[in-house]
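Here's a solo chain for you in structure tokens, the form predicted on its own.
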């Protein structure tokens, strides 16, 4: 075991893992995080805590992750390279590991021009691939980025993101291979609405022997409305929303109910995809849906490992 995290144990034991996303508040109220943690506890194996997502300032992922741990919910701490150089990344990882945070998702991060501080300077001293390799060396070799020995290695389970539908699609599996080589133990994908196309990506990855080296979890975003579906289809790069999904949402009397139904169908399909080891539920500003969704999907109770 690399970290002893609950998520790692669930995946290594061959269970269908369930993770979700928890967005920290735009403020210093820790009770907001604690309430969400209490809501999600027992319904997922771990919850991602985002790191200033969409380049908007929020409570730090490290702080929010510690609050989640206090409530008994295991965090997957996201860490973007946009805001930190390699010194800060290593320092934050050592601090997080000392506080008991065992899962880290390595990301490049949204460009600052997309957020509410477009004048901010990005760092991007290293990218997510270099970040993975650096953290893997810290964990497995006990050395920092310049080869100096650490007094204690961080016990962390390393994750990365993957987008099966991004352009150019011919490069998607190669990009996955690079992340695995760099050190990814698990992968959470971008949102999936077309499982058949996802299966094609997985088949190519399987043919290249990649799925024997990593745990892949398919991502879903439950839709609230036809407008949300249309926006994702037309405006969000790298996301493929089939026309039939948009039509279903338009025809539905109650958008949230239909969105939940589509999410349940996607979860059921993902459970049959060879090499797919779990689902990552991104219920954006809709975390209250997750307990109901996991129950209706037959994903409860979560395994004790």
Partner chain sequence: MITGDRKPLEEIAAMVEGFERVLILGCGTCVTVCMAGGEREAEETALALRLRGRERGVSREIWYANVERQCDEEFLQEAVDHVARADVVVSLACGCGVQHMVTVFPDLIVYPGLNTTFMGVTEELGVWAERCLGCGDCVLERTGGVCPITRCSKSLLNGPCGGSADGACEVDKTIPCGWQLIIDRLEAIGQLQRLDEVLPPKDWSKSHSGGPRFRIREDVRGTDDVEEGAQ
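Positions refer to the first chain, counted from 1. Predicted model, so just to flag it, every value in this text is computed and none were measured.
The discussion below concerns the form predicted together with its partner chain, not included here.
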> Of the options 154, 219, 109, 222, which one has a non-hydrogen atom that comes within 4.5 Å of its partner chain in the predicted complex?
Replying inline: 109
> Within 4.5 Å of its partner chain in the predicted complex, heavy atoms considered, which of 80, 97, 126, 158?
Replying inline: 126
> Looking at 43-51, 254-262, 234-242, 270-278, which lies within 4.5 angstroms of its partner chain in the predicted complex, counting heavy atoms?
Replying inline: 234-242
>> Under a 4.5 Å heavy atom criterion, is residue 167 part of the interface with its partner chain in the predicted complex?
In response: yes
> residue 114 near its partner chain in the predicted complex, any heavy atom under 4.5 Å?
Replying inline: yes
>> Taking its partner chain as it sits in the predicted complex, is residue 175 in contact with it (heavy atom to heavy atom, 4.5 Å or less)?
In response: yes
>> When the contact criterion is heavy atoms within 4.5 Å, does residue 86 count as touching its partner chain in the predicted complex?
In response: yes
